[in-house]
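Let us start with two forms of the same protein chain, each given on its own as structure tokens and named structure 1 and structure 2.
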Structure 1
């Protein structure tokens, strides 16, 4: 078997042309989408992601506002910053980069976000709409994973809808912004979905689930967690992990995923690499949500103008 390496960068080029066109149309109507990120502390993976988003926003023609607070900033200071961005007219989407420091509550900050600007779908209102199948926005990393998977299936001559309806999908990781939305997106495609997390691993049950899977989506935040021993021949593996590791003694940093790429590649039907897999598509999915937020704001303002005229 020759394992296919699913090239996220190639797919992202096509998607970038689409999103660029959407942004251009909004700019022509007098609205420029704008993304604001909030970074609290200096987490390596969050810094890498922030730099990527800044670059992609510029390439697409979107405004970008990068806000940073020290790691010891208070929860009140973080909330105040998010509230300021909620009210900033040139910002159509706000992304709070994770992880937040332990003393800053994810829940409190997520509830502070204005739902219309919550482009990662973490506010309870937006998360509820996603669960009900009426999503305002689809979280960017899960959206990117399924966009790549849909594209790969279609390119290999399979009907994605038919494939999902007879397939077992195993999601490794249950985070609010990646793992749980992955489950919902899999269920929306009529797949049989199994969720695994650290408890599955500690109980020694992870193998039992992944070895039955047609597709394994890994978003655990643990470098090299899923190995060839977890995968049966012919499985499709999507690696959503972004982990910064440092090679000693030089101390050089590099990005790795949650999958042992070399080992899994020898056994799987297809696998996404890190970097160069889900990541480039994630950036564009997020900026597409930002453009959608700007479009919705334009539509709402146009509707209000008609009502008051």
Structure 2
């Protein structure tokens, strides 16, 4: 059996055309979707993410507002900035870049976001709706993983709904922003979902779960955690990890995932690479949420106009 390397870049190209079309239709109706990001401090990874989002927003025809506060800005200043963006009509969606400085509470800032503009689904109201299977927005990285997986299943001749309903999905990692939403998206597709974390690993139980899986989704932040020994032939492996490692002795930095790609490739049915797998799809999923936020606002305002005319 030849292992399929699921090409995120190719899928992202198709998705980009779809989202560009959605944005153009909104612009034709008089609304240009706009994303605002809030950066507090100068974390390198957050700066790279901000630059990337600015470029992708421009490519799609969306507005972009990049707000930045110094690292010593107070929690009150951060909250005031988010409140200003909540009220700004040009902004359809707001993303607060992480990490925030230690003296600024993630929870306080997340609760300040107006839920209709919370395009990364961090406000408790939106997270609760996701939990109930009635998501307003799906967080971008888990959304990208399932978009790629759904696409792969359909392209390989399967009915994704039928496949999930008889499949075991193992999610390695249970963070609020990645692991838990992955589990919820698996449940929403009627899959049997198992969650593994650092305790499963320490207890030596990771293998017994992953070896029963039809799909393994890995978001642990541990380079090469899942190896060929963790999977059986026929498993589909989705790697969400992004880790920077340095090759010795040259010290050159490169990106790797949480999966031992070469080993798993020799055994799995299919695997997503890093880079070039889930990553390229993630920004498009976020901007698609921004377009959806703009569209919801348009619908609400035309509904209001009808009621008052």
Ligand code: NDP
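Between two forms, the rigid core is the largest collection of C-alphas that superpose within 1.5 Å. Residue numbers count along the first chain shown, from 1. Owing to the predicted nature of the structure, the values given are computational and were not obtained by experimental measurement.
Review point. With each form of the chain shown alone, which structure should be assigned as the form predicted on its own?
Key: Here the form predicted on its own corresponds to structure 1.
Exercise for review: Choose from 100, 140, 173, 82 the one placed at the hinge of the motion between structures 1 and 2, with one rigid part turning against the other.
Suggested key: This hinge corresponds to 140.
Exercise for review: Measure the rotation of the smaller rigid part relative to the larger between structures 1 and 2 and give it in whole degrees.
Suggested key: Smaller part versus larger part, rotation angle: 13 degrees.
Check your understanding: If the rigid core is lined up, how many Å does the C-alpha atom of residue 66 shift between structures 1 and 2?
Key -> Residue 66 is displaced by 3.2 Å at its C-alpha.
Review point. With both forms put on the same core, how far apart in Å are the CA positions of residue 45 between structures 1 and 2?
Key: Residue 45 is displaced by 4.2 Å at its C-alpha.
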